[in-house]
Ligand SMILES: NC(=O)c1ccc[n+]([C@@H]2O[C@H](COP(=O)([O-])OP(=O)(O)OC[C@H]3O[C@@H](n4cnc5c(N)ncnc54)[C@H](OP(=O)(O)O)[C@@H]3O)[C@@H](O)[C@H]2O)c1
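Okay, so here's just one chain, in structure tokens, the form predicted on its own.
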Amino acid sequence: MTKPHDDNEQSHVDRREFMAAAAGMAAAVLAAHETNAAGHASTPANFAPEDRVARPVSAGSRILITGANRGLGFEFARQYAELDTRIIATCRTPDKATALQELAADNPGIVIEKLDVTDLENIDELATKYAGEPIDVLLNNAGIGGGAENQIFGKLNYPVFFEVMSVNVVGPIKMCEAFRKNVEASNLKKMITVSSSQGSIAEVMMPMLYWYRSSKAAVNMQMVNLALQMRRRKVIVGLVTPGATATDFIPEPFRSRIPSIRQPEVAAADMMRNIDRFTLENSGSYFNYDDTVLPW
């Protein structure tokens, strides 16, 4: 359970947010904010010129990365460190994150924090620790696949479903909620979630990965919702995908059977390029690694 809000503090959703949400709901009924099939959240035409300008990560930018101890998360940390950014690298067991510890030892801009994105109180505690500090990019990278053996129809492992949803869906939206003010206070104002092309309903051609696909489709909806919610606060929300990547997310022998599988350093670099592309105008978009926009 999360800690209750102090009645004397501003809650995450104050009265003005409630009224804005109500107005947004009415606008949705009138089709003012529909999401189109191409994977873009439709946007009003009255954006200011600065809302259309991409602002890339640069030296001094503060980035919070979840699941930074291995795979794509580690690559994000390593490559962003090369840009002389300040990184809050989180993982569940820092004591066992040997590669991340070595990276931090060589890069004083990296701070390692213990974080389990399924522990909502842990998220609140970390947010309290960094209260008042701007975060330019909140990067929701932590995720799990659930294991293909747990997602075979007729033998579906239902407890695993709840675990996958907790990590891949609840964790990212809770992180955005807990660190909202940090992102609002920054220069870049970006909340980015690593999704997957497996979350694209339009691209499903064969049955598999019931839990994983459902979780990515769900987090896509969460972030499109959030993009519309945060637009008036000038906060950008985006989804990026890495493509099939040679990490332990895809176990052997399947990994070696994918001829087009991508290396983590390449996949991370592609997503970083797309993170830089996000503006308030294209907030809510669903960017594939090749710069195209995935269909919902």
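All residue numbers are counted from 1 along the displayed sequence. Because the structure is predicted, anything quoted here is derived from the model rather than measured.
Another form, the form predicted in complex with the ligand, is not on view; read the next lines as being about it.
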query: Contact of Asn69 with the ligand in the predicted bound form (heavy atom, 4.5 Å); finding: yes
query: Touches the ligand in the predicted bound form: Pro242 (any heavy atom, 4.5 Å); finding: yes
query: Contact test in the predicted bound form: Asn225 vs the ligand, heavy atoms, 4.5 Å; finding: no
query: Exercise: Gly146 in contact with the ligand in the predicted bound form, heavy atom 4.5 Å; finding: no
query: Contact segment among 125 to 133, 79 to 87, 200 to 208, 187 to 195, judged by heavy atoms lying within 4.5 Å of the ligand in the predicted bound form; finding: 187 to 195
query: Whether Ala142, Lys216 and Thr247 all lie within 4.5 angstroms of the ligand in the predicted bound form by heavy atom; finding: yes
query: Position in contact with the ligand when the complex is considered in the predicted bound form, options Met175, Val167, Val183, Ile110, heavy atoms within 4.5 Å; finding: Val167
query: Contacts with the ligand in the predicted bound form - residues in 113 to 134 whose heavy atoms fall within 4.5 Å; finding: Leu115, Asp116, Val117, Thr118
